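Just one chain follows, in the form predicted on its own, and it is written as structure tokens.
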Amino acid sequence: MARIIDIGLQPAIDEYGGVAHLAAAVEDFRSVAEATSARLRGRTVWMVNSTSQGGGVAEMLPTMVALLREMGIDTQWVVIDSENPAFFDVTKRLHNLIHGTGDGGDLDGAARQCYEEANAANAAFMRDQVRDGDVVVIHDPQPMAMAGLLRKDKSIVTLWRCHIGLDSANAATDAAWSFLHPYGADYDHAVFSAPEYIPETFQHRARVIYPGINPLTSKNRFLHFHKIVGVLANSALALAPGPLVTDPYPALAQRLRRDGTFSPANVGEDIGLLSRPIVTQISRWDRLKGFEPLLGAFGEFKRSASGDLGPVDDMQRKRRQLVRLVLAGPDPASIEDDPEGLEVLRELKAAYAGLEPSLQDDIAIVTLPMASLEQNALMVNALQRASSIVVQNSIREGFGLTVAEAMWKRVPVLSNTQACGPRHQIRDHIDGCMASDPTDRKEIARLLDDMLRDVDGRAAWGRSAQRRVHRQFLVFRQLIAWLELWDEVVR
């Protein structure tokens, strides 16, 4: 059954305005929100998605809801659920099909019935909450069928926000959009993360709104050096260099061992986050995130480091020797709408088991606990800040806020031009580097070597990346775009 989410305590607008380099963005947001709030008075804006934790959507919504409420716009966040586990199997298939992978041949039978029954059960809850005149924003395919069910007896504005997509069409995408097509007519407008993602169904009633990060959340706020050390040590991601004021976290980061088990990440040899060059990818455990190709590319890099990558000075030789790869993601059991996570992690464990022991020592596959969302966010923040390079090797990527998060922290990012979302964020050799193929191990190995060698370039890319996020990918710019859309549709 659907439930209304308590967003907890969030930073107030004045806290953002008190940060010198955020003040102008905050004032722009205030100006637009004050004008729009009068038009939305008496209406509630409902944000509806399928999970309260894990992934960019669940991370964005608390900030959006809190800022809108503070500006006088009544906003609620609802998360749907289903007692039938097959529902999330169906929606995960839809997710993969929209990204261009998988087989959609049998989606029209029992799958559609399962999908519609789950949406009907959740719409029944919403029907008691929603009033005439409200604005309902449905996020992604999981609850898409709800709009038509609610509009049967409610005079409401309905918007579909799709966070995923593919910049080309194939049999898989055709199957996904064919399945979802009957529900598209029930929406007044749609929003996508890139123009390439807009399907024919929404060609003349869609716009692009880039997702945005919150610069003051635990995941993105500035961390002093002592705080970084404390977070890494308290979460078991690093050995404590000395006594700490704070206590270890109740739930610790777990690292994959050679025998296939997981144990606290600082047991045995330290990963080296405080002393070594570190290449990091942090994502949900999803085949489309490109974890396994990155693992193979790093192996190619380490094996070739002695000669195939060209002549080097002593410093670069040391970097090649000491650099380590960290592949991190949430505890997969904690992600409500992603039953595939455990399976993907098992595949990654098998690939790791096939590596030579010396290479296994230089790779840390880490699960981050979700028992405390704040502590999880701090772990991600500290991991990114401790990294020399952050990688987003996605084969497909709706947008990839992990890219913007690293860019905000002035860490250069390596991604690829096949992933549409990252290429809307990263300008090659301006904000980071872009490979042409996320599965080309030799190309990724060469780019890792080039980036590690170019210390001055990495610093310049990091500065440029932070400026780009400031202009394009902060939550204030995202909310202004939403307010402008709501102002139009409620007229």
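All residue numbers refer to positions in the sequence shown, first residue = 1. Quick caveat: nothing in here was measured; it's all calculated off a predicted structure.
Another form exists, predicted together with a small molecule; not displayed. Remarks below refer to it.
None of the heavy atoms of residue 141 is located within 4.5 Å of the small molecule in the model of the complex.
A residue is said to contact a partner when one of its heavy atoms sits within 4.5 Å of a partner heavy atom; residue 59 meets this definition for the small molecule in the model of the complex. None of the heavy atoms of residue 420 is located within 4.5 Å of the small molecule in the model of the complex.
For residue 293, no non-hydrogen atom is located within 4.5 Å of the small molecule in the model of the complex, even though that partner is not displayed. Partner contact region in the model of the complex: 322-330, out of 195-203, 142-150, 232-240, 322-330, criterion any non-hydrogen atom within 4.5 Å of the small molecule. Contact annotation: of the candidates 137, 401, 97, 413, the single residue with a non-hydrogen atom within 4.5 angstroms of the small molecule in the model of the complex is 401. Just one of 90, 368, 348, 355 comes within 4.5 Å of the small molecule in the model of the complex, counting any heavy atom, and that one is 368.
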